[in-house]
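What follows is a single chain, given as structure tokens, in the form predicted on its own.
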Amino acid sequence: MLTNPQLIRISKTLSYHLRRRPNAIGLTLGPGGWVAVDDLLAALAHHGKPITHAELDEVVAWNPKQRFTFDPGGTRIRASQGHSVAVDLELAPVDPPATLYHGTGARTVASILREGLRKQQRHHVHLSADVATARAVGARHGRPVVIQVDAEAMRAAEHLLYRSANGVWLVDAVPPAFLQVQEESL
């Protein structure tokens, strides 16, 4: 049984190598962002970061944001979203709920309302299905502000939205016309 600090450390290592720098340990993400579990474990061990298959299973099951997922056979693993390397997660467009949310820090609200939400260095803009999750995301960036996204109107305007395995909603961009401040924390 891993301790909480060990779980966090391994989760950060997996995020780094499955979302940002797979080549740093000699991995290449396959279609859908998948990599063989055995290849991942061997690459980590070869680069001085050994973990066991049982520890990997524990981290994937524990991760509160469900950042990683195994394929149905348990032989491949991938990050659910948040990649900064080129990868097609092979997600099909899904009809979203009427409203989605985006959490941010107060200092970025004016530019977001002016320019819309852009994916920056990621492949997609990340949206939440609930205010509480968006608020928690925003809190990582200072005083949190929750921005409401009119997902129903976006879909009607033929914007494609996707839902990752861990429930995060993904879209290429959100134009300002679909945004309004939902909640500002004091």
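Note that residue numbering follows the sequence shown and begins at 1. Because the structure is predicted, anything quoted here is derived from the model rather than measured.
Keep in mind that the form predicted in complex with a small molecule is not shown, yet the notes after this line are about it.
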| item | value |
| --- | --- |
| Interface segment, criterion being heavy atoms within 4.5 Å of the small molecule in the predicted complex, picked from 133-141, 45-53, 28-36, 149-157 | 133-141 |
| Non-hydrogen atom within 4.5 Å of the small molecule in the predicted complex for each of R19, R122 and H126 | yes |
| P97: touches the small molecule in the predicted complex, heavy atom cutoff 4.5 angstroms | no |
| Contact flag, L14 vs the small molecule in the predicted complex, heavy atom cut 4.5 Å | no |
| D71: touches the small molecule in the predicted complex, heavy atom cutoff 4.5 angstroms | no |
| Any non-hydrogen atom of R76 within 4.5 angstroms of the small molecule in the predicted complex | no |
